[in-house]
Structure formats: structure tokens, C-alpha cells
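First comes one chain, alone, set out as C-alpha cells in the form predicted on its own.
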């Protein structure tokens, strides 16, 4: 079996955990067709009754972005919403394969992009709520496009860059192991050990200290840490992110204070944001600056009121497979699993006890943020220390110089 076939098998068996008679919904670009075809075949062989594939083309995406009016660009056809919700109502397994260049929409009017992102965020809010409460299985994975690969390996030809990035993705996905499925089971167990320790300690807050970073994140009273595999509303396990090296929870919306600086570039809306610093007061971003993409960062923060607050805090050791490649992927799925990170925007409902069955209003009462966006950015480094603070103010070192201390 080729590495690509093993990758496809992992996505079907571990990522989505496709069940007999289940529907599958795949979103991908045409660059990922070799993987999409294999995933489709393996999903049917696993017993899927329907595999819907929604394909996009990066060049067409650029043409639409540059030539459509802002008003037209922000229109969301009702049939696209109805189609997605049909598969959601059927509890399909959703797979999203990311391939596009992080600079795909560089040069497009930021206000036009903001209008589109707000429109689509509002249109698919119910679907996002279901994803964030694990209503059905979902998985995000990657496959290289030439544009993305050349950004990672600018010194190589397009073909060489694509091959090199694909090899790195295979490595992060553990497909080169003797038994990739067993390797993922071991990773799942390791991350859940950290989850158990953090849930047993039930810290009141976390304090971060590192270059350009000095801030504290208060946690909701009923917060729960999670990591690796999740469980959907039918009790079936799935892996939301592949690769993954993180454990995470939700912060208390109004409990974030201090300042934090990014340590890796953020790819957002087809643009790069880098060299940025955010200052928080009572949970809200009150000051910001960026060396690159400040106008894009401004629009992100103005998506809605919730975009100015945090919805996720995640811990990832600096000594981890993706980090140890020494490669900057310019893609959040991979870079966030090389670094501790936080996310602006909506919190996952399952981050508090009983949250999967709560409405967004009930989650808000428990201290969780709500927004039409959710954007992770990286703040970890080999110089970052993180302390857990108990209700009495006593501190326990959780991360020392970027790695687990517990």
C-alpha cells in the first residue's frame, strides 16, 4: 500500500471513523483530487452510502475575489446552506482538506474579504455550532498545492516542493510507521493522559510568561480539557484535526488580561499576519499592532464583537514532531500543532461539563465566548513558561521552556 493510500485509510478509519450506512461530505480543492479519490473509494468500502465531494479551484477563487463586486462576493446562495444542513441533519462525517496557498487572496480589498467572511460566518452559524458541540464527526487534514508548497520551499521547483511538502505531511500523519493506526492510538492515549492531569488539577487560571508575552487566562468554573479523539452525539470516536499534538479548553470570556505576541505567522483569509501583539483587558482586545497584515488583523477583530475575545487555549510542547521538523508550514492546522496557541472567536461547547447539550445562550452564561469566527494563532516557543493557578492563588509550573513540566 502506498503512503497516500495509508493516509486516505487513516482519514476514513481514524479521522472520520466512517460507519456502515453513513453519509460523508468532503470539501477540498482540485489540488487534492488524488487524495479525495482514495478517501471516497475507502469510505464506500467502509460502508458509506453516499460520499458528497465539494471541489474548489484556487485560480477560480482568485478570479471571483478580484472581479466580483463586494455586494455580489458577499452573497451566500440559500441552496449551499440547505445542502450543508441536509448532510448535517443526516449526521454525515465531514472532511475538510486544506490545500490553498496562505497568500491566495493577497492584494484583494480587505473590506471585500471581511464582507464575505461575515456573510458566510452568519450563514453557516448553525453548522458551526454543531461542529463546536461535536454533533457529528468531522476532520480537517491537509494536502499540498503548488502555491502552498512553494511558500514553504521557495528554493525548489513546483514539483519538488509539492513532493517535499507531501512527505512532511506523511511524517506528521505517522503514515511512515509500521502500523499508522496503532501509532494514532498511542498518541490518543498520551494526550488523554495530559487531559486527565489537567482536569484533576482543575486550575482556576493560567499565567503565561515569555518574550513579548505576559498575560493571564482565567478558566470557567466547569471547564474541561480535551485532546486528540472526540466523541460525537452518537457516541462514536473521531479525530477532528489530523495531525494533532494539542490539549485544549476554553477560557472565561471576561477573564483574560495582559499582552501576548505571536511566535509564528498567521495565515488568515488568504493573507499573512505576522509580528503582532494583542493587549487584553477583562477578556477583550483593547490594543493591537502588527508588522505585516495589520489591516487584515483589524478586520478579523471587527468580524463581530466576539472576535475581540478568546474562545480557545491550547497547550502543545515545543518538543513535538511538527515542531521538530524545523519547518514553517504557513498553515494553521500544522503550525498550531508545533506551538502553544490561543484562538480569537467562538468557544467549543464541549469545553465545559455538559456543554454539548447547551444552547449558545446557556454556554455564554457559563462564561464561554460566542462569535461567527474562530481563528487560532501561535504563541508558544522554547522560552515560554506556563503556570497553573489554583483558587487560592498557588502556582504550579505546567510548561517550562516550552515543554511539559507535569
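Positions refer to the first chain, counted from 1. As the structure is a computational prediction, the values presented were derived from the model and not from experiment.
Below: the form predicted together with another copy of the chain, not depicted.
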| note | Within 4.5 Å of another copy of the chain in the predicted complex by heavy atoms, the stretch out of 268-276, 100-108, 293-301, 84-92 is 84-92
| query | Though another copy of the chain is not shown, can you say which of 378, 358, 372, 36 has a heavy atom within 4.5 Å of it in the predicted complex? | reply | 36
| said: Contact check in the predicted complex: 130, 171 and 177 versus another copy of the chain, with a cutoff of 4.5 Å between any heavy atoms. Do all three pass? | reply: no
| Does any heavy atom of residue 281 come within 4.5 Å of a heavy atom of another copy of the chain in the predicted complex? | no
| query | Applying a 4.5 Å heavy atom distance criterion, does residue 287 contact another copy of the chain in the predicted complex? | reply | no
| query | Any chance residue 72 has a heavy atom within 4.5 Å of another copy of the chain in the predicted complex? | reply | yes
| Counting only non-hydrogen atoms and a 4.5 angstroms cut-off, does residue 362 reach another copy of the chain in the predicted complex? | no
| field | Residues within stretch 32-48 having a non-hydrogen atom within 4.5 Å of another copy of the chain in the predicted complex | value | 33, 36, 37, 40, 41, 44, 45
